[in-house]
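One chain is shown next in structure tokens, namely the form predicted alone.
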């Protein structure tokens, strides 16, 4: 197939090819609980299973298809990668564990990195040989990213790192980190004192400590830096220009800007699964789905899910976004994460008192899958900017509302 826009017939042929390949190569049940997103990878067996799955997809040519060939990508039209990603979701296949590399660090490096950085980092991101994590949030500063205090003190052609970062998903398995650090603590403008780094994790002075979550699992970490030394070649962008690089990264993370390598980052629940649950759950001795109020609520979820899918398509057509350009892209993360939280919560309400059973309890419906999904759904409403922050962004940048 050429690099030009594929014809409808070529797209249909490719869609069938991809569906057949995934059907034939779908991994078997590993015999242990799989995480539902990259933020939940807590054990070595989970990590290696998912890493090997990503490597298999990449070696088959179905990941990074639209990234440049010279850095390990396929150099093919984005439409093909979109088909692959949709098929992965459709068949409920395991997600791509190197999400931070594929969706945030990789696009950032391709857009803002040097030629040396592109050649050094992109191939390993795609193959999952090099796992990436993110060093943004800090224990004492919540969502105030601009107030990051981890210090990067210049010492000749090196920087010395001191401080800590928190909620470091995949930190225990990562080879590299995208890091926002303070290189100038004396500036009056806090945003001008920040720099952005691509740093190695396996160096003296970096310690990763797992954090146990409400679910009983591990997936988050806190990362401590004590006189850790990195080369100035780790800088991406200019020294003191880290805020602009961080904002570009967040645009990739929130899906407001395209360029990601493909694949899905979490196994989201769908309303069709809740409909199936409503058919077996009981209300007054009858299937819950026979309750008119339940049916109305399900219909609202069906409408929301369909509208999100259609808005995703609409957002890619410039002529349909003339009135408020960027509004759909900026709202996608907020709408999608809050939808998942509410959908999982509704699924629990259908279970009545049985909702109290959790993973490992023999009486739990579907092994406690919905309970676990509900707890984990909150992470997506926080990571990448909390829902409150997302509301502010939409209000200020889309609706033009004042900050105060």
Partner chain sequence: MLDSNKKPTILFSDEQEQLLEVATNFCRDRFPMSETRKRIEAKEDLSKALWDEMAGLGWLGIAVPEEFGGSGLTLAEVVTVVEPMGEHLAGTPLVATTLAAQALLAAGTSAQKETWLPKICEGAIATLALSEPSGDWSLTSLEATATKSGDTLTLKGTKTFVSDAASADLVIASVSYEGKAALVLIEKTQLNNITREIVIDETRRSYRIELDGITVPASALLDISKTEAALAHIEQAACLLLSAEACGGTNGAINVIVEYLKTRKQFERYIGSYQALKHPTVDALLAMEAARSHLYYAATMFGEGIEGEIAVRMAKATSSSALAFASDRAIQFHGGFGFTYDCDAQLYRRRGIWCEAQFGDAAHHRAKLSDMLL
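Treat the numbers as computed from the prediction; the structure is a model and nothing was measured. Numbering follows the first chain given and starts at 1.
As for the form predicted in complex with the partner chain, it is not shown, yet the points below apply to it.
query: Pick from 289, 257, 150, 250: which residue has any heavy atom within 4.5 angstroms of the partner chain in the predicted bound form?
result: Flagged contact: 289.
message: Within 4.5 Å, heavy atoms only, which of 140, 296, 155, 115 is in contact with the partner chain in the predicted bound form?
response: Selected residue: 296.
- prompt: Has each of 270, 401 and 404 got a heavy atom lying within 4.5 angstroms of the partner chain in the predicted bound form?
  reply: Contact check passed for all of 270, 401 and 404.
- prompt: Given that the partner is absent here, does residue 12 sit within 4.5 Å of the partner chain in the predicted bound form, heavy atoms only?
  reply: Close contact is absent here: in the predicted bound form, residue 12 is far from the partner chain, nothing within 4.5 Å, heavy atoms only.
query: With the partner left out of view, is residue 16 within 4.5 angstroms of the partner chain in the predicted bound form by any non-hydrogen atom?
result: Because no heavy atom of residue 16 falls inside 4.5 Å of the partner chain in the predicted bound form, the answer is no.
task: Could you confirm whether residue 307 comes within 4.5 Å of the partner chain in the predicted bound form, counting heavy atoms only?
output: Yes, residue 307 sits close enough to the partner chain in the predicted bound form that at least one of its heavy atoms falls within 4.5 Å.
- prompt: Is residue 388 close enough to touch the partner chain in the predicted bound form, meaning at least one heavy atom pair within 4.5 Å?
  reply: Residue-level check for residue 388: yes, a contact with the partner chain.
- prompt: Pick from 98 to 106, 69 to 77, 298 to 306, 182 to 190: which stretch has a heavy atom within 4.5 Å of the partner chain in the predicted bound form?
  reply: The contacting stretch is 298 to 306.
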